[in-house]
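Have a look below at one chain only, the form predicted alone, in structure tokens format.
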């Protein structure tokens, strides 16, 4: 049986070490490559950070499996056992162009159930973290349980990509939502936007396409803060595939689903 307290302490130590390495990289030069398209970037720091965690997990927890964005982990076909889902740098474009608005994200799941979640804002040294049944924190401060928010007072995270003509969704539904809420924001990092939902900095986050490493850590943290994470139809998230993701404070989740998404 996994000792989640020991694993939690170990992960936090590794995250701090990895974060220091990432900050140190700011002074050096980056090797930048494109993956699926010219805007889908990966750097040597992404790959080195993923390798940093994989090497330590293999040594410390050899029975655990790893799903990493940069493909250096295992070929995961099922959610059996303990799986680490890692995004070494979520928001690589921001990392390359701004050295801001990116995060390290880790979700640890056992037989498909989230046990530990981490999102580390490297630049601001803010670690959002959660353990199943024990709540969520930002550094050493517990996050308050999220209160319901009416649509007209909501600030939602959404990319402009989904407010114009696209092949994934009828943008007109979201255009109306964007008009009705108090404001919209886009940070270019799914992990950070989920962390902001958990902490109340955002009321909701909506996207059409997130991979498991984008949301694995954030899903845990939002849910432990009392929020809801689902697909755009209100269904369960598939932890092994790309999903549309809708994370929100309670109350607001139902209101947006009924009025704008279905």
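Residue numbers count along the first chain shown, from 1. Just so it is clear, the model here is predicted, and its values are computed rather than measured.
The next section is about a form of this same protein that is not shown, the form predicted in complex with adenosine-2'-monophosphate.
(request) May I ask you to choose, among 135, 188, 148, 112, the residue with a heavy atom within 4.5 Å of adenosine-2'-monophosphate in the model of the complex? (result) By the 4.5 Å criterion, the partner-contacting residue is 188.
(request) Just one of 23-31, 219-227, 205-213, 53-61 has residues with a heavy atom within 4.5 Å of adenosine-2'-monophosphate in the model of the complex, so point it out. (result) Only one stretch qualifies here: 205-213.
(message) Just checking whether residue 69 would be counted as a contact of adenosine-2'-monophosphate in the model of the complex - the rule being heavy atoms within 4.5 angstroms.
(response) Yes, residue 69 lies within 4.5 Å of adenosine-2'-monophosphate in the model of the complex.
(message) Please determine whether residue 73 contacts adenosine-2'-monophosphate in the model of the complex, using a 4.5 Å cut-off between heavy atoms.
(response) Looking in the model of the complex, residue contacts with adenosine-2'-monophosphate do not include residue 73, since no heavy atom lies within 4.5 Å.
(message) Although the partner isn't part of this model, could you tell me whether residue 89 comes within 4.5 Å of adenosine-2'-monophosphate in the model of the complex, counting any heavy atom of the residue?
(response) Taking the distances in the model of the complex, the answer for residue 89 is yes, it comes within 4.5 Å of adenosine-2'-monophosphate.
(request) Note that adenosine-2'-monophosphate is not shown here; using its position in the model of the complex, name the residues of 1-32 with a heavy atom within 4.5 Å of it, in sequence order. (result) Nothing in this stretch is in contact.
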